[in-house]
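Take a look at this single chain in structure tokens; it is the form predicted on its own.
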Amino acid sequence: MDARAMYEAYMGWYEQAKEAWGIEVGLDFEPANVIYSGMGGSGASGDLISDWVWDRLEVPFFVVKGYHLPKWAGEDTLLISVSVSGNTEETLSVFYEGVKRGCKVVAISSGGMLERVSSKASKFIKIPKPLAPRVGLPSILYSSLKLLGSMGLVDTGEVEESIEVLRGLKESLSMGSEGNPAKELAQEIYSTTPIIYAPPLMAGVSYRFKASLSENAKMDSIVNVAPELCHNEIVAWERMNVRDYRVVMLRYEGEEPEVKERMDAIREVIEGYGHEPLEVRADAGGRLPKIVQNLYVCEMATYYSSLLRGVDPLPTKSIDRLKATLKERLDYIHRYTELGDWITP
């Protein structure tokens, strides 16, 4: 098992973030809109940023998780194309379309094909190659934030505060720490199907939590976001077998009244059906630090869940099998784009 290597990678999140935030990025451009393109661990950073800035940016911020750009993307679009490996075909396809349409394209990768065609981009940001994309999230997130910060699009003070949150959490989430909140969470969920409920600020964290439970602990889970879940999923509790599930609610100090009352009401309904939800609650300063705090606790909980389940957190055999199948059957980049022709020997 590569559990120890994964652990060390997770314990290096603060150092990753600090290094990524220290890169030099300069881009003279005032976008009318921003598109963040990425899949899996690369795309997760776009979700986290979107949750933070959706009501703060003066321009729309849109996350693409697929092969194609929206029709409105063009010369006034900042396209951030992110692939840790550099070989993600969906991201490469969007990159290709962005260059063809004249978008201002920034590529972020550890290498691969994306680096090889990066001469077509306005900027290439190289990040270290991680053990697995999911443990390299801070490199992706904070290099993206540095780009946006250098353009005056995000609050850099809040970004720096969030990096300090990672530093402060490192010891408390470590293997030998007493009262480790990630270990405690893992003990509660590892033998169940977790149901993860979150308010809008924690939507990206909740989906990232689900993804890492799948990849690290080989566990299924259910995710839904308030207030939408109050209009449909809450009804399922009328016939839910509560013994099979464990509800985890992602919350934060200083919740807005509509968030607090809604999440409290959801909890009361679930308690009324005989189930006691768990809460993961962030108490850091600003909104981004709160996102990062809950993210790190949940991520480490997926790692500790893998240990409790006796599974190796590193391999993702089903993803590898699916990629091989799609390469054989679809081979999208080479069959449907001219991207391969851009590569210089």
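Residues carry their position along the shown sequence, with the first being 1. All of these numbers come straight from a predicted model, not from anything done at the bench.
One more form of this protein exists, namely the form predicted together with a small molecule; it is left out here, but the text below deals with it.
>> Considering non-hydrogen atoms and a 4.5 Å limit, does the small molecule approach Ser81 in the predicted bound form?
In response: Output for Ser81 is no: heavy atoms all beyond 4.5 Å of the small molecule.
> Contact between Gly40 and the small molecule in the predicted bound form at 4.5 Å, heavy atoms?
Replying inline: Yes, contact at 4.5 Å.
> Is Lys323 close to the small molecule in the predicted bound form, meaning a heavy atom pair under 4.5 Å apart or at it?
Replying inline: Yes, Lys323 sits close enough to the small molecule in the predicted bound form that at least one of its heavy atoms falls within 4.5 Å.
>> Taking the small molecule as it sits in the predicted bound form, is Thr88 in contact with it (heavy atom to heavy atom, 4.5 Å or less)?
In response: Yes.
> Among Pro194, Pro138, Pro133, Gly98, which has any heavy atom within 4.5 Å of the small molecule in the predicted bound form?
Replying inline: The residue in contact is Pro133.
> Of the residues Ala32, Ile319, Leu27, Leu278, which one places a heavy atom within 4.5 Å of the small molecule in the predicted bound form?
Replying inline: Of the candidates Ala32, Ile319, Leu27, Leu278, Ile319 is the one lying within 4.5 Å of the small molecule in the predicted bound form.
> Among 55-63, 280-288, 303-311, 40-48, which stretch sits within 4.5 Å of the small molecule in the predicted bound form, heavy atoms only?
Replying inline: Careful reading of the contacts points to 40-48.
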